[in-house]
Ligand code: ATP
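In structure tokens, one chain follows: the form predicted on its own.
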């Protein structure tokens, strides 16, 4: 497939903090790509540089062959951005807002179809200022989808949504045209796994993994053995258990919760029980997931963060 976004040696710093530190990335036509990482990983800064609303310190970005900073007229007709935060016109209705956004593009989508796609039909005539937080977030997604643009850049589009609304949002994104490329930043590994054709994991401003969800799980994942202890265990000892690839420890209920990512959950569990005996409570084994991939590569847990 054609490359539609090409990023080379991208860097952006804020004082001494390197938000984006040498990112190389190529995205192809028709993909839904999830960019995953914790707060401060550089996801939003990278997306804003690609969108041309933030100037990088160095590096080259080409989107559909265009320079995002200097080819703005052509760029904004072909690329749509939903930023992480943004204000809408509170006194317009939902339908008026969508109709306004559709008027900005040469080939807009149908207004009522867009509203229905995210479950806002009953609110079509409500003022924007009267919407709940989740409804407001759904409207912002609709506006990003309004123009049938070749590329959609969505910065945490489902962060404030309940599970049902999130499913509606995923369906609306999947219903894009076959030639449309979608880039979604997210804290949710479930979202990356369920929605995206490809996942890019960013940590401390760098790409640490890039591939399909299944390929990343095959290459970097493992099952998770979890158990509780009355006192924190020696992390170095846990790392020597059979099959262990990563160790996470945190305080829990006056004791410690240990999570071991392992290629050999049976032997790892056996070793846990042999060493800690009756003090190891509730030893559980969880299946492979993108979350374990993230833990393995970064040594930290990824949690969804409230706005």
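All figures in this text were calculated on a predicted structure; none of them were measured in a lab. Residue numbers count along the first chain shown, from 1.
From this point on, the text means the form predicted in complex with the ligand, which you will not see here.
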Whether residue 19 contacts the ligand in the predicted complex should be assessed with a 4.5 Å heavy atom distance threshold; does it? yes
Please check if residue 140 has a heavy atom lying within 4.5 Å of any heavy atom of the ligand in the predicted complex. no
Contact label in the predicted complex: residue 84 to the ligand, heavy atom within 4.5 Å = yes
Checklist line | Exercise: residue 41 in contact with the ligand in the predicted complex, heavy atom 4.5 Å | finding: yes
The one option of 29, 62, 54, 245 with any heavy atom within 4.5 Å of the ligand in the predicted complex is 54
Contact with the ligand in the predicted complex, heavy atom within 4.5 Å, among 187, 220, 109, 166 goes to 187
Only one of 62-70, 269-277, 44-52, 256-264 has residues with a heavy atom within 4.5 Å of the ligand in the predicted complex, and that stretch is 44-52
